[in-house]
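Single chain ahead, written as structure tokens, the form predicted alone.
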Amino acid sequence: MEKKILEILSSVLGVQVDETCSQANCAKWNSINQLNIVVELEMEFNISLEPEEIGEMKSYNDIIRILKTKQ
């Protein structure tokens, strides 16, 4: 799961990312790309994310934490 999330982040943001990626340190992680990330995650993992969960997704680690609750 972790590798796929990094692939999605890299693809959507158009830059190479690692586990430290977050809205705070990646200028390309804006509101539009946040929505694109959510769409890709929902399609890839066949899940639905709640608005509160989407709002909490501010970093790679946040995404991991939230997706683990969906398994």
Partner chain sequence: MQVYVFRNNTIESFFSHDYSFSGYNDISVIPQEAMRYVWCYQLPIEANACRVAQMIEQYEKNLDYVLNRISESKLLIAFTIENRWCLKYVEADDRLSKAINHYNDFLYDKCGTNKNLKIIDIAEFSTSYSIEQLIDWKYFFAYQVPYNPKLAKDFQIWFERKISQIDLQRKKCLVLDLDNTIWSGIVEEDGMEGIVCSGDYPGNVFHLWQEMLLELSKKGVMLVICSKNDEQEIMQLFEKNPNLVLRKEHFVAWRINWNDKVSNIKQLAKDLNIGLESMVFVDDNPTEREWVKQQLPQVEVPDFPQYAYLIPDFGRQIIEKYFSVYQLTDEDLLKTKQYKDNVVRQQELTKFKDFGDYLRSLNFHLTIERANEYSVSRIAQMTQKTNQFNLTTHRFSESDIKQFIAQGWYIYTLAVADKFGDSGITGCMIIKPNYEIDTMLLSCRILGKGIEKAFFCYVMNQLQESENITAVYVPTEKNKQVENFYESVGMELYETKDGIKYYRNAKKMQLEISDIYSIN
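Residue numbers count along the first chain shown, from 1. On a predicted model such as this, the values are computed, not experimentally measured, just so you know.
Here the subject shifts to the form predicted together with its partner chain, a form of this protein not shown in this document.
Mapping the unseen interface onto this chain, residue 27 falls outside it, with no heavy atom inside 4.5 Å of its partner chain in the model of the complex.
Although the partner is absent from this view, residue 16 stays clear of its partner chain in the model of the complex, with no non-hydrogen atom inside 4.5 angstroms. Using a 4.5 Å cutoff between non-hydrogen atoms, residue 21 does not count as a contact of its partner chain in the model of the complex.
Contacts with its partner chain in the model of the complex, taken as any heavy atom within 4.5 Å, map within 10 to 35 to 31, 32, 34, 35.
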